[in-house]
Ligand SMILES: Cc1ncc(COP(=O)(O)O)c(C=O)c1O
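What follows is a single chain, given as structure tokens, in the form predicted on its own.
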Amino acid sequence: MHTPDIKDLLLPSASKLKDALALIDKNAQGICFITTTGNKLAGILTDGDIRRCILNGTTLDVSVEKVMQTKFTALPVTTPQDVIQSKLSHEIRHIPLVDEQGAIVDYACFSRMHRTPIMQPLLNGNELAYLSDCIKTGWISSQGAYVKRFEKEFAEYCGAQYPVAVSNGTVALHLALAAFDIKAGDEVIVPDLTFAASINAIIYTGATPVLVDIDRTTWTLSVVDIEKNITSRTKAIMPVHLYGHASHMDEIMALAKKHNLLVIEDAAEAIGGKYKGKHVGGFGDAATFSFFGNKTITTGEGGMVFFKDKKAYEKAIVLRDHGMSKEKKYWHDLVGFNYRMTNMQAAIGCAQLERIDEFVEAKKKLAAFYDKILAETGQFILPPQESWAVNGYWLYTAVLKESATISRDTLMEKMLKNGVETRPAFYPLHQMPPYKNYPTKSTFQNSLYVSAQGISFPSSVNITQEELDNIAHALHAIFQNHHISA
């Protein structure tokens, strides 16, 4: 569903204010067009007009004709699009379009002419130049200078060592686990609320994933639940820095040391995130990142693994390249994988890295904007931001309070009618068919809550001020109108 059709904004002049209010709540546009015989446009009525009437003591049984605005901006339906766009503003958000007889046949608004996606990459730096270099020199596959450069520069940015660039973030996790010989009979602890790649990578090895609830404050692995789920078969813990906020790494590392466990950090969503002043990805035995098209920096598809142990790193290098010997061509020492990153992917990554500080700062500014707008509604729990962490805000995600005046899914539907794409939080893994029967001692109260009430907002680093204004206006109008109509 996108912006409403014109019929969803039309109201006969014989209607009452309560009819207008119901229509405005349904169309989520904050406005309706009052018509007479033949759909001729007689006036407009906004949610603000209705609120002012209520504050002045007017009842909802009053005719819309007594309240509607008769001075408004309307344009012929044949008006060129660029002219229509020039007339739209913060004050004039909707323009009725009429035919030669004055009948309304369509309308224009910012959200109808433009849709704000949940995420899109910014590729206006050196990406094209570096890709052209790959093509001109013929170095387009995994053999090329950009791969090593990208590994080196990203590791330096994160303060890590032993980097291995791979074809995507999911295989990064699998490679990390395989390099430590995680196999059938082993158990790996993973949070219940995360993207499925985390648990899938464990299953690829033949090991058993053990699902654990999240902490209600940080939305990352519950340290208490981790310890409850450690058994004699547990070999590793996989903390996920969900939506960009760091896990409780000191406590997790202490548990790992106590029980002699590996720690594999899933930092796919946490580029720019920090824990106690140090970039995430530098705490566990290995850490993985994703450079999918919606990540803070992208290579289209792509990922990377950091290792602390040189032997595990060297094994991962061999596994990444079919398990082929480094000394003897076409001789295979191991059953390996084709997980290599291409030189073209890495070239894009190098260009993206040149602007990473700019991108991370843009994420922080966007989060500050959302924090302010959402706090003003009084309907949300804002994203985690503990004093000991720096949230990377990969995808700005808040939780709608259980006391909210509107449901999460209704809010998403109404935002889409305003041209704003949103997304629900991830589903808890334990609810989905492939993962229902894995062992656990967790009850998942927190993952169920965040999943049911969580909503993600557009988080592109190149989102425009016009788009932000539209998001803010839509949010406020939706909650105000829904409250009045309720």
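Computed from a prediction, not measured in an experiment: that's the story for all the values here. Note that residue numbering follows the sequence shown and begins at 1.
One more form of this protein, predicted together with this ligand, exists but is not displayed; see below.
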Sole residue of Leu261, Val223, Ala197, Val98 within 4.5 Å of this ligand in the predicted complex, by heavy atom: Ala197
Of the residues Val147, Ala268, Ala316, Ala236, which one places a heavy atom within 4.5 Å of this ligand in the predicted complex? Ala268
Are any of the heavy atoms in His174 no more than 4.5 Å from a heavy atom of this ligand in the predicted complex? no
Is Ser290 near this ligand? Define near as a heavy atom within 4.5 Å, in the predicted complex. yes
Residue-level question: is Lys295 within 4.5 Å of this ligand in the predicted complex, judged on heavy atoms? yes
So in the predicted complex, does Gly302 come within 4.5 Å of this ligand, heavy atom to heavy atom? yes
Among 338-346, 117-125, 163-171, 274-282, which stretch has residues whose heavy atoms lie within 4.5 Å of this ligand in the predicted complex? 163-171
